[in-house]
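First comes one chain, alone, set out as structure tokens in the form predicted alone.
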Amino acid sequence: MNIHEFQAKHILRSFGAAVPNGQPATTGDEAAMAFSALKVPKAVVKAQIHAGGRGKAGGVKLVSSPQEAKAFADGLLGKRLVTHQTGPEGRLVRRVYVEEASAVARELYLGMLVDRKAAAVSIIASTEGGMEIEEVAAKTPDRIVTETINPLIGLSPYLSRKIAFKLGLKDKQVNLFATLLSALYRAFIETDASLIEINPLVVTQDNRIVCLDAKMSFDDNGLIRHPDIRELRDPNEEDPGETEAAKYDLSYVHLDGNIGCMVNGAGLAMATMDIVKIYGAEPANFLDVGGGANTEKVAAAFRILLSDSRVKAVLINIFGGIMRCDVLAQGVVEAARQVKLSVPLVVRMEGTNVDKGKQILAESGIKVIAAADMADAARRVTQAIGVGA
């Protein structure tokens, strides 16, 4: 789960991290009042969307008065901001964040994430703040510092100082950086975060170390322990299909292809996506209905697939173990009748009650393309949209 910048800064501040003062606003008048409340000569107004690159896209501006803050906010709110991360459709700006301006002397990059390979939390830092870390890695990999935190020891003062020295920090800055890094690590662990990214982390002209921007993501599986964080979810910033899937406990991730895939089991789902690509098409989603799915859950999954206008054909690949093939078939039939199926449907199923499942589909009146195995299913679904041999 992702949250907005202003929400991330509120969490980080509660753990003692240095962040500028600021207030969110949903109208131009609120932005003007936020500027006045800060009692500073200059402030920054930032669009609040779940995407990077806001500054380059015109979503961030330095203002010097309440009137400027209101004018800029009025120009942003209700408009779509297009950045390199949003795609051409952009994201609708529903909120801005008015924050006191900082006198920046240096910009750094600092990230903390779950490192699957190391089975631990790793810190990524760079002297190239304000840039995409992927771009830095590609052009100047020598400017990236990566350190893994031993989970048995935690973040040691030695490791913090080591990173600070590699970033070229000196004197008082080193201790300030170590204090900040400690606060971020505590926030990471205690909130079940999966990512904290501070870009840029700045050294101010008066030698403070401040989180000028902040991004946080959380492990969905840990949200049960953090109802306060779960309440920060913004459905407007999430894919509607993924939001709907969560209601039915479905594992769904929207992708950019045109073959809708419904599978039971994550491994089989990934294999299905791979074989679709091998046969020349692109999967529109990852969708695992799980082993214990009932008719209602399968019907919901099918409706979510077909709600994506880019889906030109549907491939259902089920191995009935815990989940029975007749339950799947009944769910598909119910959903297909509700949404008036208008795209090719390819079904490959094996396992428990497979003959009964095939009978339900055959007697439903729904046009189903039956497949013998995974390769046959991939071939048939790609041929149905005019791709493949």
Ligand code: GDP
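Since the structure is predicted, the reported quantities are computational estimates derived from the model, not experimental observations. The first residue of the sequence shown is number 1, and the count goes up from there.
Although it is not shown, the form predicted in complex with guanosine-5'-diphosphate is what the next lines describe.
- Though guanosine-5'-diphosphate is absent from this view, in the predicted complex it lies within 4.5 Å of a heavy atom of just one residue from 151, 157, 240, 130, which is 130.
- Shown without its partner, this chain lists 54, 324, 358, 70 as candidates; in the predicted complex, only 54 has a non-hydrogen atom within 4.5 angstroms of guanosine-5'-diphosphate.
- In short, of 341 to 349, 28 to 36, 326 to 334, 45 to 53 it is 45 to 53 that has heavy atoms within 4.5 Å of guanosine-5'-diphosphate in the predicted complex.
- In the predicted complex, no heavy atom of residue 217 sits within 4.5 Å of guanosine-5'-diphosphate.
- By the criterion of a heavy atom within 4.5 Å, residue 212 is counted among the residues contacting guanosine-5'-diphosphate in the predicted complex.
- Of the heavy atoms in residue 104, some are within 4.5 Å of guanosine-5'-diphosphate in the predicted complex.
- Contact annotation for residue 265: none of its heavy atoms lies within 4.5 Å of guanosine-5'-diphosphate in the predicted complex.
- Residues 199, 200 are the ones in 188 to 204 with at least one heavy atom within 4.5 Å of guanosine-5'-diphosphate in the predicted complex, listed in sequence order.
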